[in-house]
Structures are given as structure tokens and as C-alpha cells.
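Only one chain is given next, in C-alpha cells, and it is the form predicted alone.
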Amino acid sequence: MPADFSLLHRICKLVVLLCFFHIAVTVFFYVRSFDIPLAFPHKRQSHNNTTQSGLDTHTVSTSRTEWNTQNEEGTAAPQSEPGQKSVTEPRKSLEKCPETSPLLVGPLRVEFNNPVSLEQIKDENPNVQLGGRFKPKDCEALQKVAIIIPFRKRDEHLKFWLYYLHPILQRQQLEYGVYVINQDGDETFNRAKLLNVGYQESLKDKDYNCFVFSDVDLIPMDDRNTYKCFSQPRHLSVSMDKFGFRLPYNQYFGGVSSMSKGQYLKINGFPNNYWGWGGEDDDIYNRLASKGMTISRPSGDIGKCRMIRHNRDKQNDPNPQRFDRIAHTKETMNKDGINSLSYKLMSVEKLDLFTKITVDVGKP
């Protein structure tokens, strides 16, 4: 009997130990079960924060890109929604464009056999802005150039000019605007006065520091002939096919020329009293010479131009008074020029490829 009791006592102790072990295991897992829901939300929150942070970074990056792109095109930066932090990171300034553009191709083939349309020209020049304005996106242009074209009833010639010149001017990395100065009515044509009007009206748009004065029928045959200003007044249409690709005489300053704002004002602009064809270019040359300036020119090869053949315009007959007026340039230049300019502004049209300014310049 005592032996049986001893065995039973041992079995009971074993059962008790097993019960304690079972309880201990149960308690362990029970307590751990409290840790699991506390740990997982923490991990999920961390994951969500990472994801949200990624979305926020993407949103800010997109906003900055849009802000920079829009500001390069001259529009305002996007406004932040109420309660959101606005992105105020300033736009980085562009480097200056090189003195000689790396985009130039040299000699060009210029033909007038196939007509062109304004729609075609616009499609081929998508970066030209309203009013015929352009500026490089990758660098800051060295000059702001107003291209001024005296005009009346030469629409087909203007299309060819726009077709060839817009790509050339863009490759030259110029910041420019094209201004077509249209003489209203049927009175005698006055080219030089229209050029004065172009100078004055273009400055209402932008603070241009260079002015290129171009006939509508002259197209350069080499894009290295840069339409910009130099230390001296520049004659750009050096060798025209009309003259057998030779300069007709050393004092010739007709066709296409450029002047800085300072050079232009130094000679009081152009004469206003040359009605009809001829004489004003020689008067301008006399003005420059009297102020101690010389004519700068590209080489004959680079300065080649083609002229669109046409009959002389009506109300643009040779001016019979031109020789007498040229002889008295020094006496008249200080009182006849931009300081005495008068005209009536009829309309200003901002078109896709140019700004058309129609004026009444009076009559002789």
C-alpha cells in the first residue's frame, strides 16, 4: 500500500507540472497575442508614410516642372490651393547664348517657284509666339532684335520672307519680334518714314536694343549672315543677285541693314521727306558718315541675298527730288527724323507669325 501511494504521489506531481507547463505556454502565447496588433499597425503606418511621402515628392516635382515650363513661356506660375504650401523655388538663370550659334548650317537654297501658305509656315515653326515673337529656350539671347519691314500690298512676298526667315532667325538664337509696317491708303509710298514708325511702335512692345530694317523681297542665302547689331551700323544685303552678287557702290546701304538703339538715335533716325522710290538709303549713309560712323559688312559670300522679282509698285515711282535732298542731308538731319515723326495709327494686329501695324503716314 505505501508503494502504491508513493507511485500515485509521483503521478500527481507530474500531472501538476504538466498543468503548470501548459498554463505557462498558454499565458506566453496569450501575452504575445497582444503584441501582434500593436506591432502591425506600426509597420503599416510606416509603409503608408513612405507611400505618402513618395506621392508628395512626385507632386512637388511635377509642380516645379510646370512652374519652370510656364515661366519660360512667359506665363504666371500656378497658384497654390488654399491650405497648401506653395512652391517658391526660383527659376535658375540661363547661360548667355554663344557669340556664334552652333545651330547654323551655312549656305541655303532659296527658291520662289512653289507658293507657301501662312498655315504651312506656322506648322513648321511651332515655337514662334503670337505677334511673330521668339526667344531661345536653352540660353539667354545676347540681343533683343526688332525686325521692321516697310510694307504695302506685297502679301505673297511676305509669305516667302516668313517662310525663310523664321527658321534662320531661330537658328541664330536671337530673341526677336517681326513687325510689318503697312502703309494705309494709296498715297505715294514712304519707305523711310515707315521704318521710323516701326522703330517707335516696336518699343511699345519690348525694350529692343537692336533694329533690323528689311525690305520684304530680300532673302539671305546663308544663315551665318546674322540679323543682329554690331559695333558699327551693319549692311546685311551685301551681294544681291539683282546686282550680280556685287556691291553696286561702296556707299550703298539699301535692302537690309541693322542699327543699335544708340546708333539709330545718334543720326536722329531716318528722313521722313523721301516720297517715292530712291534716295533715302543714301541720305541714311550721309547721316552715319556725318556722325563719324562707318559701315560694317559680312563677306560677299556670307552676305548673298536673293530678291523676289516683281514690277515696281504703283505710287512708288522714282523720287525726282531725291538728289537735291541727298545733297542737303547735314542741314536737314537734325530737324527731320524720329524727333519730327508724325503719323496716324490705324490698327495693330498680333498675328501668328508677325505683328501688322497699319498707319497713315500722310502725303507729300
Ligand code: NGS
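Since the model is a prediction, treat every value here as computed from it, not as a measurement. In this text, residue numbers run from 1 along the sequence as written.
What follows is about the form predicted in complex with the ligand, which we do not show.
Participant: Taking heavy atoms and a 4.5 Å cut-off, does Phe245 contact the ligand in the predicted bound form?
Facilitator: Phe245 lies outside the contact set for the ligand.
Participant: Would you please decide whether Glu201 lies within 4.5 angstroms of the ligand in the predicted bound form, comparing each non-hydrogen atom pair?
Facilitator: No, no contact at 4.5 Å.
Participant: Contact between Trp277 and the ligand in the predicted bound form at 4.5 Å, heavy atoms?
Facilitator: Yes, Trp277 lies within 4.5 Å of the ligand in the predicted bound form.
Participant: Answer for Tyr163 alone: is it within 4.5 Å of the ligand in the predicted bound form, judged on heavy atom distances?
Facilitator: Output for Tyr163 is no: heavy atoms all beyond 4.5 Å of the ligand.
Participant: For the interface check, one of 248-256, 289-297, 138-146, 221-229 should have non-hydrogen atoms within 4.5 Å of the ligand in the predicted bound form; which one?
Facilitator: Every other range fails; the passing one is 248-256.
Participant: Tell me, which of Ile326, Ile338, Met333, Ile302 has a heavy atom within 4.5 angstroms of the ligand in the predicted bound form?
Facilitator: Spelling it out, the residue with a heavy atom inside the cut-off is Ile326.
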